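Take a look at this single chain in structure tokens; it is the form predicted on its own.
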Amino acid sequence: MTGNIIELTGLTRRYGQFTAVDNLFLTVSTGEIFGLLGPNGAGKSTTILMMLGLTEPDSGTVRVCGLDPTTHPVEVKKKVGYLPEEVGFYDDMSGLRNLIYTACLNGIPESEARIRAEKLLERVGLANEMHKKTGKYSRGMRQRLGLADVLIKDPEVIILDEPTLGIDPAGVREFLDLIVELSREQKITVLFSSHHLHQVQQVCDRVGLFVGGRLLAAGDVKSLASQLFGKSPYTIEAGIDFPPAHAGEAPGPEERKQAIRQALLNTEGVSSVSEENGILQIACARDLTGEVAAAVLGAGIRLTSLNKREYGLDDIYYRYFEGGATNE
């Protein structure tokens, strides 16, 4: 399937007087890794439940793989794999037997199910643990088994709801790298729901920012930064110092600071310049690191440090949820 594999149009879900999802419009392209980012209670999990046909919207429409989950829930579940925050397995069965059981429930013959299960367990790094009872698995091992469990039916879409909670940092990195590999190699569409900013930025092609049941913005990090920070998505920090002054030397440090500020402001793409404790903060429309260095050195000022800073998800998240989403 090409084009949009997920289409949510005017989607709304209420529980009494509480609106969990409010007039949501969202599309996800085939093969894309899309991140649903927002605090707990933002409406992410309710959106997922409607996409799976596990709860019905009060208004609006859902299409997943071209199907309406409300009227065709079984068909949607055949095409979509779902890994919830807490994964349930039969603890007295091995990882291999759990996978074979899931495959048989999806209509896969047992002989084929075993072959698929063994390959997937190797892929997710559990080849040496496949005969171990899952009751003895660590949290990270259960999440890996959960990923194999959603892949056993060869889905077109996988939905991951806070999949890294309780996993150690090394395990998180390995898990996220595996998600990216699967998406790129098998063209699987991934919907990744989380409130961990750096994890979302590490793996997702695009991000949707959720709060209070509403989708505030969607796009890649660069486009979101441009929306929020206007003409200045880059900041260059330049540390400056002055050679020892000789008696009667002119201009002095303050005059040279003012001169360098003006020279930088005259540089195309620079929107503002400030200075504090010997550090120039230059807001730019693009990467002007070379131009800044040349201007400082050309003014006879020592350059003690130079650092380019691009706005990331943490800055974007703060602007939306803490500082207010207004363009500069």
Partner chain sequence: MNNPAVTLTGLNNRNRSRAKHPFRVIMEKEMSDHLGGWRFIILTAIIALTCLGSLYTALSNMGQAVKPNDPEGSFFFLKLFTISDGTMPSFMVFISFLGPLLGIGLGFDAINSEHNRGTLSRILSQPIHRDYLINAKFVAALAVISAMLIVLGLTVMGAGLVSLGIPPTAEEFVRMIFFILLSIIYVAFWLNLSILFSVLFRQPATAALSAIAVWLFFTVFYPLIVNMILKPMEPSAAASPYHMVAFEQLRLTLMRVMPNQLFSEATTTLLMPSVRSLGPLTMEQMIGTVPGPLPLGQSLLLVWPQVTGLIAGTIISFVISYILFMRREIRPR
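Positions refer to the first chain, counted from 1. What you are looking at is a predicted structure, and each value in this text was computed from that prediction instead of being measured.
Another form exists, predicted together with its partner chain; not displayed. Remarks below refer to it.
Contact between Ser194 and its partner chain in the predicted complex is not found at the 4.5 Å heavy atom cutoff. Using a 4.5 angstroms limit between non-hydrogen atoms, Thr55 touches its partner chain in the predicted complex. Shown alone here, Ser111 lies within 4.5 Å of its partner chain in the predicted complex, counting heavy atoms only. Contact check for Tyr101: a heavy atom falls within 4.5 Å of its partner chain in the predicted complex.
Contact with its partner chain in the predicted complex, judged by any heavy atom within 4.5 Å, is made by just one of Asp177, Glu237, Asp220, Glu86: Glu86. Only one of Arg116, Arg206, Arg256, Lys133 comes within 4.5 Å of its partner chain in the predicted complex through a heavy atom, and that residue is Arg116. Contact with its partner chain, judged by heavy atoms within 4.5 Å in the predicted complex, is confined among 278-286, 298-306, 43-51, 58-66 to 43-51.
Residues from 134-149 that approach its partner chain in the predicted complex with a non-hydrogen atom within 4.5 Å are limited to Asp149.
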